[in-house]
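Just one chain is shown here, as structure tokens, and it is the form predicted on its own.
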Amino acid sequence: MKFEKKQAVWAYIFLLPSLIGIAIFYVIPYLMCIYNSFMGTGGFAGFDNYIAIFKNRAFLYALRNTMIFTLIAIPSLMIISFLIAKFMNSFKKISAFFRSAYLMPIVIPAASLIYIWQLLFDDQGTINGILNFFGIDNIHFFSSGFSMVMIILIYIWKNCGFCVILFTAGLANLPNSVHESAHLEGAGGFTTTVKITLPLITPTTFFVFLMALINSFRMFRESFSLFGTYPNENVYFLQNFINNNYNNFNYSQLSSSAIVMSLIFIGIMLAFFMYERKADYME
């Protein structure tokens, strides 16, 4: 017991710097954010700030767009990444090269990416130039429903490589005997994928989903660079609402909307975590 206690003490000593950093930069600011969300100009305001933001049309637009983006972008990213990883897994000799190539979007600076997209999708850009050549009127990508499609495409392009690598690692650890037995029993490729491959890589899928969810809330930089502080209503996200309230010194609504966004994030993550815990992927 003495040896185990010493090990525990040393473990806590080594963890202490990280725990202090987490407390200072994450836990304490989050508790302060919760406190500010219940405060108003005259003191304690209760749930008035939360009621106010849910009556705010800008917040409702931001919440709707954030949910639409999350529900479309994340499943699309995971499906595309899994299909690419499964295709690459059948070419093991060249997979190492593609693993390196797929990491390129992560290391490319956001400013360079935004500049290219502006050249392509601007009113006087390359795509509209091609359309005009064929007698088609301009498409206003930055002020129409296409703006949401642009953000989703940027998100998929930027994060697809990382997710492909994670899925490739998960697929590489699967036992070949299970798939060989399924093929001998007459199971097709689709049945094998749905009944065997996906259940076996549930932990990997959960981790990919978690990273995709985190990165989806980090798309504000690209959105802000493309569409500015007050974009059109199709791409006005919760991050825009929070940023605008920060610029307007409205810290009560800023804190309330940040708490709502964090609760949405935690709720989605817990729901998927409960599903992952119940999945009998080892059977």
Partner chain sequence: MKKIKLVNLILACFLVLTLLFFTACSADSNQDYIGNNKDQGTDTSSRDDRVTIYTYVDPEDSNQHYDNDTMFYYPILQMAHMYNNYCSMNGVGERAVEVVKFPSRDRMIQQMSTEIMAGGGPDIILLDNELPISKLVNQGAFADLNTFIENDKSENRLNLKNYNRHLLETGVFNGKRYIMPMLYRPDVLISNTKVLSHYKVDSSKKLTYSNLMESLKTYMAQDEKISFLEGYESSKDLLLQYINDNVDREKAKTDFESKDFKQTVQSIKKLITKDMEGEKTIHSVNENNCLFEKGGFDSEGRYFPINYSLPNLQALSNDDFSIWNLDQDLLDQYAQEFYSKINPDDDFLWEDINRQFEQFVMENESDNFNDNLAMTGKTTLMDGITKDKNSRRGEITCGFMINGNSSKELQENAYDFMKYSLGERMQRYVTYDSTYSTSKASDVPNIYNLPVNNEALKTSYSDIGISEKKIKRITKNSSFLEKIINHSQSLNTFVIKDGYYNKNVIGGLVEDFLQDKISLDNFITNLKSKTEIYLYE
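Numbering follows the first chain given and starts at 1. Only a predicted model underlies this, so the values are computations on that prediction, with no experimental measurement involved. In this text, rigid core is short for the largest set of C-alphas that superpose within 1.5 Å between two forms.
One more form of this protein, predicted together with its partner chain, exists but is not displayed; see below.
Every residue in the set S143, Y246 and N250 has a non-hydrogen atom no more than 4.5 Å from its partner chain in the predicted complex. Contact check for D48: no non-hydrogen atom falls within 4.5 Å of its partner chain in the predicted complex. Mapping the unseen interface onto this chain, T70 falls outside it, with no heavy atom inside 4.5 Å of its partner chain in the predicted complex. Proximity of Y230 to its partner chain in the predicted complex falls within the 4.5 Å heavy atom cutoff.
Contacts between stretch 51 to 75 and its partner chain, counted in the predicted complex as any heavy atom lying within 4.5 Å, involve N56, R57, A58, Y61, listed in sequence order. Core-superposed comparison between this form and the one not shown: the C-alpha position of N128 differs by no less than 2 Å.
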